[in-house]
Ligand SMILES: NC(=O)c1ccc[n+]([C@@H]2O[C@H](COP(=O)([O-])OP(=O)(O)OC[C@H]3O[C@@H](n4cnc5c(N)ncnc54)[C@H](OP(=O)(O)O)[C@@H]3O)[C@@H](O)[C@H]2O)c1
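Listed next as structure tokens is one chain, alone, in the form predicted alone.
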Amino acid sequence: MERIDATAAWELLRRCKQQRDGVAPGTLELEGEPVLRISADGAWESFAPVDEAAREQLDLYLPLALQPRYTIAQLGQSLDGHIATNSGHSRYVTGPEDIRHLHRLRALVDAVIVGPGTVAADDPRLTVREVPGEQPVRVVLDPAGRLDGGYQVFSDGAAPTLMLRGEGLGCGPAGVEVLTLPAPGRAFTPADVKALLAERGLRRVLVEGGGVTVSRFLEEGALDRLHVTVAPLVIGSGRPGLSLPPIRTMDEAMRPVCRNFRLGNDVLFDFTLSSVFGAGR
């Protein structure tokens, strides 16, 4: 290969994802040609010149694409920490580059999770549209049975959809597979959700929203990585991105390993949470 451009880099990342048991250190090929050499710590070097856009993709997504199992959460927020206005309007806090980033994350996972508030406020499709890739299984958490069938995710047929409901709540929307889990306090335990999905072979998981759901996964140590994209705008008041129990001193604050990436005018913070919670959760 004479040169690795963004298209070739994305195709390589997609092929890494298709390896269900992860990618072992060694040489990665594309169309029969060696392209990258991967080390055990995820560092890479190429056999050909790499375009800047391709390098940014590989730096950002290769740590995910190589893994057989992980849970990542993503939020896009304003400079003052809000993901939506008080009314729930959020289209769009971040710019088009971050939307494309979100679609890339969807394409690299087996399942994408959202809570009932996100479905009610945004009526999202949760599909891969901005980039080439396979559709993830859409997983809607509805522990209290508050959602009806009048949302795109249940009716458009664009991707497989699962609804998780609390025990004893009966049937969900027509044509949607419904599974039940205990919901103490009208909320699922993230570990139970992950275990249920893993039983179905869904081991690479994106927690897309909203802030309540992402915060619950973060608080309970159920995330391996967290992506927070900050846009250069001030909403003033609104729905917070992350909301965790209060701490007394700054010594108690989470200080995970972090990398920064520019997404147009936005800044992506890529947090590795194993530095906070430890490995092997």
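Fair warning: this is a prediction, and the values are worked out from it, not measured in the lab. Sequential numbering from 1, following the sequence displayed.
What comes next is about the form predicted in complex with the ligand, which does not appear here.
>> Can you work out whether residue 83 and the ligand are in contact in the model of the complex, taking contact to mean some heavy atom pair no more than 4.5 Å apart?
In response: Result yes; residue 83 sits at the interface with the ligand in the model of the complex.
>> If we define contact as a non-hydrogen atom of the residue within 4.5 angstroms of the partner, is residue 146 a contact of the ligand in the model of the complex?
In response: Result yes; residue 146 sits at the interface with the ligand in the model of the complex.
> Applying a 4.5 Å heavy atom distance criterion, does residue 127 contact the ligand in the model of the complex?
Replying inline: No, residue 127 stays farther than 4.5 Å from the ligand in the model of the complex.
>> When the contact criterion is heavy atoms within 4.5 Å, does residue 161 count as touching the ligand in the model of the complex?
In response: Residue 161: no, not in contact with the ligand in the model of the complex.
> If you check 50, 230, 212, 62 against the ligand in the model of the complex, which one has a heavy atom within 4.5 Å?
Replying inline: None of the others qualify; the residue that does is 212.
> Within 4.5 Å of the ligand in the model of the complex, heavy atoms considered, which of 179, 120, 195, 79?
Replying inline: It is 120 that has a heavy atom within 4.5 Å of the partner.
>> Within 4.5 Å, heavy atoms only, one stretch in 165-173, 196-204, 138-146, 152-160 touches the ligand in the model of the complex. Which?
In response: Contact criterion met by 138-146 only.
> Is the ligand close enough to 7, 55 and 225 in the model of the complex that each of the three has a heavy atom within 4.5 Å of it?
Replying inline: No.
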